[in-house]
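So this first bit is one chain, no partners, the form predicted alone, shown in structure tokens.
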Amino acid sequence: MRSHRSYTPWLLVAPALLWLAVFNLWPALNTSVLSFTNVHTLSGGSFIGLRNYSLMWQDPHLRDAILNTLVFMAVCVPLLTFLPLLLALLVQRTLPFMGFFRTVFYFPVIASAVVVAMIWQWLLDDRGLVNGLAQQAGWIHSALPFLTDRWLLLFSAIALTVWKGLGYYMVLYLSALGNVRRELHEAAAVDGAGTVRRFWSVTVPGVRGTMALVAMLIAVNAMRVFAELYVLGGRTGGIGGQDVSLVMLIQQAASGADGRLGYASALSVLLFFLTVGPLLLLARWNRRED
């Protein structure tokens, strides 16, 4: 009876472990092995040591891809960590039509990233709605190059990502705010703390765990940015490919009949280590605060 109990937990977690091994661990190990070969789409490869990693640093687009990805993450993480919290505080109140506003804010989450990017492409085009309204209002004399200027394209993709992610992270914060005790706010108010002071001294510490989780999710998603820049940049990463992201660079290296799968695998390994670094920093910060 006792021996039967000993392997029961392993039987329960076996499907999850099998899924993890087949769809996560094995592809990661296979990618690491391929990064040391010169395998192509239609031809087998041979072991070439660190040549892919050496070629990687000679790639003229790699520096732009790393810079764009890091800027994208550095801007998205703080914006999508704090703005959904403020939005959750607003819609948490029991006011008329608040359910309608919650639905409106969450609606972009259920839309496809590609569809949303195509809508924003139409809005930000030289002949799009934004430039048209700004010119009619007399704010600008010529169309702003939202989709052709390097930094305007990057920050347009950031704005799209923030707009699309607000509703999802707002729901996470709404759940966390329900665990913040009202008595703490009342006690702080009795001591003379204003709205801003109560926000930093009561609300933020109460949802700090959720904030750390949200920041980690945003950091991972930001490092994998693809559809936003791919669609807004017309599948090229902007003029000259200056707005290409790391995932776009991997896609370009691996696509086509002569796709360099070994080189794309080396880029994937680099992306993995660049993603793990910020996650470790966020986890360490969260542990120190605890």
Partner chain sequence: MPRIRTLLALATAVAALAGCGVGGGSGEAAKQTVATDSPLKGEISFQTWSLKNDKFTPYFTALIKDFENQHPGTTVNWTDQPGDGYADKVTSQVTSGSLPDVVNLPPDIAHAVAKAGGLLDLGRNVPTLNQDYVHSGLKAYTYADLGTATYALPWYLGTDVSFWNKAMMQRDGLDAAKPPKTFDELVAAAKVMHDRSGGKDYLMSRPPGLGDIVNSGTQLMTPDGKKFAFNTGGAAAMLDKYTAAYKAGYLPSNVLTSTYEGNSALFVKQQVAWTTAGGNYIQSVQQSDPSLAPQIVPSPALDTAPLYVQGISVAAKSKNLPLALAFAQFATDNANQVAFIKLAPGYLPGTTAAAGDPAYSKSDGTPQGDASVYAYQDMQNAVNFTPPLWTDAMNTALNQQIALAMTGKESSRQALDNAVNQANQLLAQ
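Please read all numbers here as calculations on a predicted model, not as lab measurements. Numbering follows the first chain given and starts at 1.
Same protein, other form: the form predicted in complex with its partner chain, not shown, and the subject of what follows.
J.: Look at the stretches 144-152, 188-196, 72-80, 108-116 and give the one with heavy atoms within 4.5 Å of its partner chain in the model of the complex.
T.: It is 144-152 that comes within 4.5 Å of the partner.
J.: Please identify the residue among T210, Q92, N131, Q121 with any heavy atom within 4.5 Å of its partner chain in the model of the complex.
T.: None of the others qualify; the residue that does is Q121.
J.: Is there a non-hydrogen atom of R127 within 4.5 angstroms of a non-hydrogen atom of its partner chain in the model of the complex?
T.: Result yes; R127 sits at the interface with its partner chain in the model of the complex.
J.: Taking the shortest heavy atom distance, is N221 within 4.5 Å of its partner chain in the model of the complex?
T.: Answer no; every heavy atom of N221 is more than 4.5 Å from its partner chain in the model of the complex.
J.: Is S54 a contact residue for its partner chain in the model of the complex, using a 4.5 Å heavy atom cut-off?
T.: Heavy-atom contact with its partner chain at 4.5 Å: absent for S54.
J.: In the model of the complex, does P60 come within 4.5 Å of its partner chain, counting heavy atoms only?
T.: P60: contacts its partner chain in the model of the complex.
J.: Pick out the residues of 227-261 whose heavy atoms come within 4.5 Å of its partner chain in the model of the complex.
T.: Counting only heavy atoms within 4.5 Å of its partner chain in the model of the complex, the contacting residues of 227-261 are V231, L232, G233, G234, R235, T236, I239, G240, G241, Q242, Q252, G256, A257, D258, R260.
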